[in-house]
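First comes one chain, alone, set out as C-alpha cells in the form predicted alone.
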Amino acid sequence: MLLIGIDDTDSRQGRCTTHLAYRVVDFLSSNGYELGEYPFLARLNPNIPWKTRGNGAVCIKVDVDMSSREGEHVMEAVKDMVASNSMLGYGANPGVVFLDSCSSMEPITKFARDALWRVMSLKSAKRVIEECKERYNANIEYTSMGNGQGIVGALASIGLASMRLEDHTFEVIAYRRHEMYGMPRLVDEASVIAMDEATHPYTFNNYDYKHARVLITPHGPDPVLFGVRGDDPSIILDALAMLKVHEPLEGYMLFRSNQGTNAHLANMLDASNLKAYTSGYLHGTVASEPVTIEGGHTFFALDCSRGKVLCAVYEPTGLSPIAQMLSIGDTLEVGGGVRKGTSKHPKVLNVEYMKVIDLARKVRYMNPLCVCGKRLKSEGRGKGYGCKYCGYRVRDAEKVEVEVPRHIGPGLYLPDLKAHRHLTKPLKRYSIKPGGMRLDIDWFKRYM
C-alpha cells in the first residue's frame, strides 16, 4: 500500500489541497488502481501563522506494485499534478511524501501528534524521514517546490492516517466547475436548514441559527462549493442529496478526518514556559477580576501550578459575556492557542473553550438589617447605624457578609458556531461515537 501525503498547494488567492487530492484519486481510480480507504484530511495546529485557511493536509492510500515501473509511474504522475495544480509564486510551498514500507511508524506518528499542537520545522521533518530510512528500512521519499514547507504537513498526514485514532469524523466535499471560481456559491439556504434538521445529530456545523448563517460554504475563490461534516458516511451522503444546489458540480469526495475532535487541544501547556503558536489547555484558578476592553474582548489571569497566564476571550467567539461573569478563585480548564508576546505585551492564551469546574463563593459586605427589615444607614465612623424608616438605632453593629448570587454555573462553554475552527469539537459530538468507513457507497463521484 503506497501512502501519498500532500500539503501546502494552495494560497489565499485560490486552489485547495483537498481538490488536488480529488484530482489524484480521479487519476488513480481511472487507471484501475484500488484505493485502500477514503483519503485522510488532516487538520494540523491551527495557530501556525503561515498557514493557509484550515491548515489541512491530505493522505491517500493506494494499492500499487512499488517493485515495478508501475510505482515509479504513479509517483511521477502525482508529482506532475502537484506541480501543475499548486499556487506556486503566490505563497504555496508544496511538499509530497511517498511511503511504501517502514518497519516502525513510531517516528512518523510521533511527528504527526506533535504537528497537531506544536510548530514543526522542515528540518525536523527531513530528520524523521532519514531516521526511518536508516533505522527502520523505510522505502520513503519526498519532493518539494518553493521552500518545501509542505513536507511537514505531508509527513504529518501520513502519520495521522496510519494511527488508530480515538476519535475521527468524515466530510464530503463538493467541488465547483472551473468557470464558477470566484462567483457567489449557489446553495439554497433553506435546504441547508432542512438538511441540518433531518440529519441531526449525525452531521454538525451546517448552519448557525443564532446568526442566520450558512456554515458549509467557504467564502474564497477556491474550488470548494461546500463541505458537510459528520459521524456516519452514509448519512453524510444522504445529506448531500438533500441540498438544493443551483450550479453544476465537478464532483465530490468523502474524507476521513480529525476535524471536530479537539485534537489540537489534547496537551497540557506549561504555564512557566509557554511557546508561541502552540495549542493546548491549562488548569488553574482565576487570579484577577475579568477586564473588558473596547470591542468587547475580555481578559483575566489564570493562576496555574507553574505560573500565571493571561487569558484573552475575544468578542467574536461569543464567550466574552461568560468570561465577564468569572470571579477570583473560580477553578477553570481553558483551551486555546498561545499568541506571541511583544516588547509591550506578554504572551496570551487565546481562549477557544472554557470549562468551569468550581465556582468560588463571592461575597460583599453591607450594612446590617434593621428590626423592621430595611437596611440600616451608617451615621459616621464609630457612631453606629440608624434606620431612616422607623428611627431604630444601634451603636455596636458591624457590616455583614452577604453572598452574591453567581449567574454562571459549572460546565463546558464553547464558542458560537461561526467562531468554530475546523478542529473544534461541537457540543453534539460529545455524546456520539464515530462510524466506520464503507467502501460500498459512492464515496467518490466525478460529473464531468
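A residue's number is simply how far along the shown sequence it sits, counting from 1. The model shown is predicted, which means the values in this text are computed figures rather than measured ones.
Heads up, the form predicted together with a small molecule isn't pictured, but that's what we're talking about next.
Chemist: Can you pick out, from Arg118, Arg256, Arg229, Arg176, the residue that has a heavy atom within 4.5 Å of the small molecule in the predicted bound form?
Modeler: Looking at Arg118, Arg256, Arg229, Arg176 one by one, just Arg118 meets the 4.5 Å heavy-atom criterion.
Chemist: Even though the small molecule is not shown here, does Leu423 get within 4.5 Å of it in the predicted bound form, heavy atoms only?
Modeler: Outside the cut-off, so no.
Chemist: Would Gly384 show up as a contact with the small molecule in the predicted bound form if we use heavy atoms at 4.5 Å?
Modeler: Answer no; every heavy atom of Gly384 is more than 4.5 Å from the small molecule in the predicted bound form.
Chemist: When the contact criterion is heavy atoms within 4.5 Å, does Cys59 count as touching the small molecule in the predicted bound form?
Modeler: Outside the cut-off, so no.
Chemist: Does Lys418 make contact with the small molecule in the predicted bound form, using a 4.5 Å heavy atom cut-off?
Modeler: Output for Lys418 is no: heavy atoms all beyond 4.5 Å of the small molecule.
Chemist: Among Thr298, Val313 and Glu352, does every residue place a heavy atom within 4.5 Å of the small molecule in the predicted bound form?
Modeler: Spot residues vs the small molecule: no contact at all.
Chemist: Heavy atoms within 4.5 Å of the small molecule in the predicted bound form: which stretch in 127-135, 237-245, 366-374, 150-158 meets that?
Modeler: Answer to the contact question: 150-158.
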